[in-house]
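Okay, here we've got a single chain as structure tokens, the form predicted alone, with questions on binding and movement later.
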């Protein structure tokens, strides 16, 4: 079987890469996120005009009606450019949840707005993975109470999609409502927006799905997110290798470029050897999400677990190729290094995801 990207997917990646090179190079990213982490400076609006916001939105709701593999291609390319864009929350997790559990009226009301970028939905779902002692969301009467950590795209969000304990319910909450307080979290990755959100009697705007029936939608949302994070690591790692090779081709020692040294050749070869097999794993996980549903959860967990292990190795090795200068702020390499570091932890570490994969296959309690 010849499993490769289609001509349309190659064109999508190419057009996005050209956009990033022309409109959002790393020099602009640096300026945007220097004072305000996750600040996109209008980049997301432009990306939505290119159709990125509506990749997973059906055509009848103003989107492209494409699959997760297309979204993964976009995620890989945006990570290549460390673009500060709310792709994960507003363009993937929110549409997937609405399509899985929302009714026709909710889909018709929210999906077109997500496609155009006129609304942003942050995702408060970290407690589906693990709950800190003083965190977690609970329902008291018809009000939400508690704290959600690492809310994805939460600071600039207009609304929040909140998963209650165990994924029993999905609530859509106005991010500016009384009883909702967001605080920007400081992470090593300044290109994305994470928040800690405290709910103190916050009203539920509307429920997505039937009472007690949101579990499958939550799982579907997490599967999609994990594939996208794997694709994000893939794109960031690819760019780190490119930067390392380019530096090795111009940096000289003893009147020779360091790319001619056997040790440096080995470092570059190791990075590529680790990355290339992972590419097909990410692509297949994205393909399985839409086409092989019985394998979707397993492949999402395995893809994210594997990429979250090789990604840190690749960006660390790329830094070593740069020598001492690789650790400096001026080199820009740290943007990809830190992005991969956050991706590794977000929505499940490799260890947790492999335990999940074992449970899915009946090998663990």
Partner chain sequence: MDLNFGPEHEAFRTEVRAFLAEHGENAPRAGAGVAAGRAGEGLLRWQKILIEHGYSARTIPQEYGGYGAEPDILKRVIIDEEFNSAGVSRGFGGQGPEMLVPTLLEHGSEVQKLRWIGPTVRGEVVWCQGYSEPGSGSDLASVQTRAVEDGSDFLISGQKIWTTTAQVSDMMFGLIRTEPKASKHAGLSYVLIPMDTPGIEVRPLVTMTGEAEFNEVFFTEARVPQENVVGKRGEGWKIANTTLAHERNMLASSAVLDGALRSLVKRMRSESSNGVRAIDSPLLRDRLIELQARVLAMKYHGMRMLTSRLKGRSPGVAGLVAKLAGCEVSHQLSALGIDAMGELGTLYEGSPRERDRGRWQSQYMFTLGLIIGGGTAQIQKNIISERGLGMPREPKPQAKG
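Because the structure is a prediction, the values reported are computed rather than measured. Numbering follows the first chain given and starts at 1.
There is also a form predicted together with its partner chain; it is not shown, and the following applies to it.
- Mapping the unseen interface onto this chain, residue 255 counts among the residues with a heavy atom inside 4.5 Å of its partner chain in the model of the complex.
- At the 4.5 Å threshold, heavy atoms of residue 355 reach its partner chain in the model of the complex.
- Put simply, residue 320 is close to its partner chain in the model of the complex: some heavy atom of it is within 4.5 Å.
- When contacts are judged by a 4.5 Å heavy atom cut-off, residue 104 does not count as touching its partner chain in the model of the complex.
- In summary, the region of this chain contacting its partner chain in the model of the complex, judged by heavy atoms within 4.5 Å and restricted to 176-184, 223-231, 112-120, 203-211, corresponds to 176-184.
- The partner is absent here, but in the model of the complex a heavy atom of 281, alone among 281, 164, 96, 155, sits within 4.5 Å of its partner chain.
- Across the proposed site, 129, 196 and 276 without exception bring a heavy atom within 4.5 Å of its partner chain in the model of the complex.
- Along 257-277, residues 257, 259, 260, 261, 262, 263, 264, 265, 266, 267, 268, 269, 270, 272, 273, 274, 276, 277 each place a heavy atom within 4.5 Å of its partner chain in the model of the complex.
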